[in-house]
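Okay, here we've got a single chain as structure tokens, the form predicted on its own, with questions on binding and movement later.
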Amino acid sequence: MSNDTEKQTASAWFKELRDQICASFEAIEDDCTGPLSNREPGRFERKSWQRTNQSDGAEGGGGTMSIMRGGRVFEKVGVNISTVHGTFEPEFAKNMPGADKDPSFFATGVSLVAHMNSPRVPAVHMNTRFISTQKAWFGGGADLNTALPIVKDTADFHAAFKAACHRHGDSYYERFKKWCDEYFFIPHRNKPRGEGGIFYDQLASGDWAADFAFTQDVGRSFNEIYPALVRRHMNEAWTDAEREKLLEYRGLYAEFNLVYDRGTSFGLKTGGNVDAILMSLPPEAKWP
């Protein structure tokens, strides 16, 4: 498979996964009978954007934001895709594999963050991506983020990704779970952002098809387990005190994304769409 074909294949998959997840989430909105079921079911609105290459002003790809706000279950959720290309700025190129001598790059992926109305329904983050410089690799993962952790939810979330990992590599789950725990840790708070999951980067085993298949499996596994967790709790009532706990937790989530998140840094330093990059931020948060 040529590199151009690999790029096209990966980009097409991320778009397909976006469509599958958006359909799952809109079905949840339709089926809600809980506290906010008097609202119209939420629907995604899509907005495309184009990127200009910072180095020479040339066309540099773009993407599409799919955002749902004010739904019955989802307070704010973004399922964004992008396919961008260009040249890294020198400061950024030196930190990217394969870009130290040739700073040209291609990147495509899907990125999702869901913030929920109910403090009993976990928020979540998921992304998968393919990046090509003089080297090419996959990365991504998913992690659960809830103000009111529930042991069974956390266990089932991890079990889903453990099964996906074991279908592709005996060591994947232990490696990628540990990586997630270390990555999504907030040093200035000395605590993790949430309940963890898996995180992987620079996955390039030498078998592109195998690495792509694993990345697809991560996306499919997410679209199976997370909607199931949402449906467990979406019709439960919650208290004002629980909602307050949620708003305070969101402050922690925002701190990580603004200070430590590599995806945020990558997007901003490569001239990406600022609204798409910062869609991960919650619609409302508190710092007590």
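Fair warning: this is a prediction, and the values are worked out from it, not measured in the lab. One-based numbering along the sequence shown.
Below: the form predicted together with a further copy of the same chain, not depicted.
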So which of Arg167, Lys178, His188, Lys94 gets a non-hydrogen atom within 4.5 Å of a further copy of the same chain in the predicted complex? His188
Which of 25 to 33, 227 to 235, 40 to 48, 247 to 255 lines the interface with a further copy of the same chain in the predicted complex (heavy atom within 4.5 Å): 247 to 255
For the three residues Lys76, Leu278 and Pro282, which mark the spot I'm curious about, does each lie within 4.5 Å of a further copy of the same chain in the predicted complex through at least one heavy atom? yes
Leu268 near a further copy of the same chain in the predicted complex, any heavy atom under 4.5 Å? yes
In the predicted complex, Val259 touching a further copy of the same chain (heavy atom, 4.5 Å): yes
Hey, in the predicted complex, is Arg220 touching a further copy of the same chain, heavy atoms inside 4.5 Å? no
Using the partner position in the predicted complex, report whether Ala12 sits within 4.5 Å of a further copy of the same chain, counting heavy atoms only. no
